Structure formats: C-alpha cells, structure tokens
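Taking the form predicted on its own, here's one chain by itself in structure tokens.
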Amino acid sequence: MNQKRVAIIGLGLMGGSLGLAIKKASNDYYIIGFDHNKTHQKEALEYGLVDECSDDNERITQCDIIFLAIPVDAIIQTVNAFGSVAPHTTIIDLGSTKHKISTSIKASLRTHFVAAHPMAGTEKCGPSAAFDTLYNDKVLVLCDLDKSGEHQVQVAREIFTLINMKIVEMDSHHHDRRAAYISHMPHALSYALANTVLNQEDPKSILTLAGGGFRDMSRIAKSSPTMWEDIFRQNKENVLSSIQCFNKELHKCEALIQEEDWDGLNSWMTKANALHQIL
C-alpha cells in the first residue's frame, strides 16, 4: 500500500497527539517526526507517536503533509527557512495565533500553507502528555483559505475530518480577536491568580485550603511560559483589549461589594450564569 507521508515538526502534546490520532484513524499515513529535543524524538518513538524520526530537512520537505506543532514564532521561522517543497505538499500549522503567521509566510510557499488552530490542549507538555483523543470532537479553525491552494485546502479538510474535528472557517483577524477572549486572556488570568497567591506572606498555608474551584482556575498557569510569551506577543493588541474588558467587569464587582449593593451584585452574577446556556 502506498502510504501518504506526514511530517510532524514538534513532538510534544499537540504534535504527539496528532500522530497518535492519525495512526489510530487510518493505516494510509506514515508518520515522520522531528524535534530539536533529541530526548523528545526518542520518547516519541518509544510511545509510538510516530513511525520514525528524521533530521533530514529535504526528506521532511518532500512529505505529502507537514504539520508544525511548535511555538508560534518558530512556525514562521521554520516555514520560511524551507528552501522549497514538493509541488503537492501541504504545510499546516497548529498555532494559537493566526494573523501574524498567515501574513508572514513567504510568497513562494503561501499557497502550500494552511493556517489552522485546533481548539484543543492541556496544561501538560512533552511526548508523555500525548493521547489519541485530544482532537476528537474539538473545533478546528481554518483561516484565510483564499490564500491557500485548492489542493492544500482539500488535504487539510480531509485529515482533520479523519481525526473527527469540527471544522470552522474565518479570517485571521476575527480568529485572533475571538481567541483572545476564550483562550489567551484566560491564560493571562490564570497566571495572575497563581502569582497573586504566591505573592502572599504564606502561600503554602493558603494552598492547604485549595479546592476544585481554585485548582480549575489555576490549572492552565502550568502551561509553558515560553509558548505563551510568543502568543501574547503576536496577539498583543487583542490580548490587551480582552484584559481591559475583564478589568472593567472585575472593577464593577469590586464597586458593588464596596458599596454593599448586594442586589446589584446578585444581578451581576445572575447575568454571568447565562454564559453556560450558550456553551
């Protein structure tokens, strides 16, 4: 059987889980992994995330599909470092920001490139964090498809459908604004919550009382600072705007408590309850 060759650059949670999901869904793909961290390459083979690992750049760029599961700044650098790719090759990034990436790919490769953001992940990292259902039934956003080749768009649709993702299309501007509110700003808040507790006189004593609510809200503060620094940099204006909107609501809560306006506070919280009627 003539298998399609898939290269996955970055063998952590996202890349490793992608390899597992594709291998679980079909035998039609042969997965070649690459990671600058040689320990990650070794572990990816041990865990069966990929079929083999390769450091041969030419072999990777001749694959049918190349996935980039690496930090957002590295995505741009890596793609633009490719001298060329095979005429049929599809390059797909999995970055959490889209506009900067979409507009920074060099012209000679832009039709080969599909900007994608799977709305999936955990706070864990590395090959050992990978699992085969990470992408199952999750939303996959495809952006700026008018800049991608027809063949490349079809390939992207097919492989994300194969691993049971729900595909949504939008332009990269709208994506980045919306992602700021539902992903980027919540990460900033989680880091702020963690630091607020750590900055107290006796944080260990405080944390002895930590229950499910605190653990849920602070969980994503375990996410990679290096990765999220890049995301905040690329989506700076939208992240700042979302934080300002959050601050406005937090100050409203503060004022209602300060003024002992308990009816107003109750109404404010009741309004927030409606969110889960939408989700």
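Numbering starts at 1 and follows the sequence shown. Model, not experiment: these values are computed from the prediction.
Omitted here: the form predicted in complex with another copy of the chain. The next part is about that form.
Is T226 part of the interface with another copy of the chain in the predicted bound form - any heavy atom within 4.5 Å?
Judged by the heavy-atom cut-off of 4.5 Å, T226 is in contact with another copy of the chain in the predicted bound form.
Classify Y47 as contacting or not contacting another copy of the chain in the predicted bound form by the rule of any non-hydrogen atom within 4.5 angstroms, answering yes or no.
Contact check for Y47: no, nothing within 4.5 Å of another copy of the chain in the predicted bound form.
Is R215 one of the residues lying within 4.5 Å of another copy of the chain in the predicted bound form, judged by heavy atom distances?
Heavy-atom contact with another copy of the chain at 4.5 Å: present for R215.
Under a 4.5 Å heavy atom criterion, is L162 part of the interface with another copy of the chain in the predicted bound form?
The answer is no: L162 has no heavy atom within 4.5 Å of another copy of the chain.
Have a look at Q152, S190, T78, S172 for me and say which one sits with a heavy atom within 4.5 Å of another copy of the chain in the predicted bound form.
Exactly one listed residue reaches within 4.5 Å, namely S190.
Where, among 50-58, 63-71, 216-224, 31-39, do residues come within 4.5 Å of another copy of the chain in the predicted bound form by heavy atom distance?
Contact-bearing stretch, as computed: 216-224.
For the stretch 225-263, which residues lie within 4.5 Å of another copy of the chain in the predicted bound form by non-hydrogen atom distance?
Read in sequence order, the residues that approach another copy of the chain (within 4.5 Å, in the predicted bound form) are P225, T226, W228, E229, F232, R233, K236, V239, L240, S242, I243, Q244, C245, F246, N247, E249, L250, H251, K252, C253, E254, I257, Q258, E260, W262.
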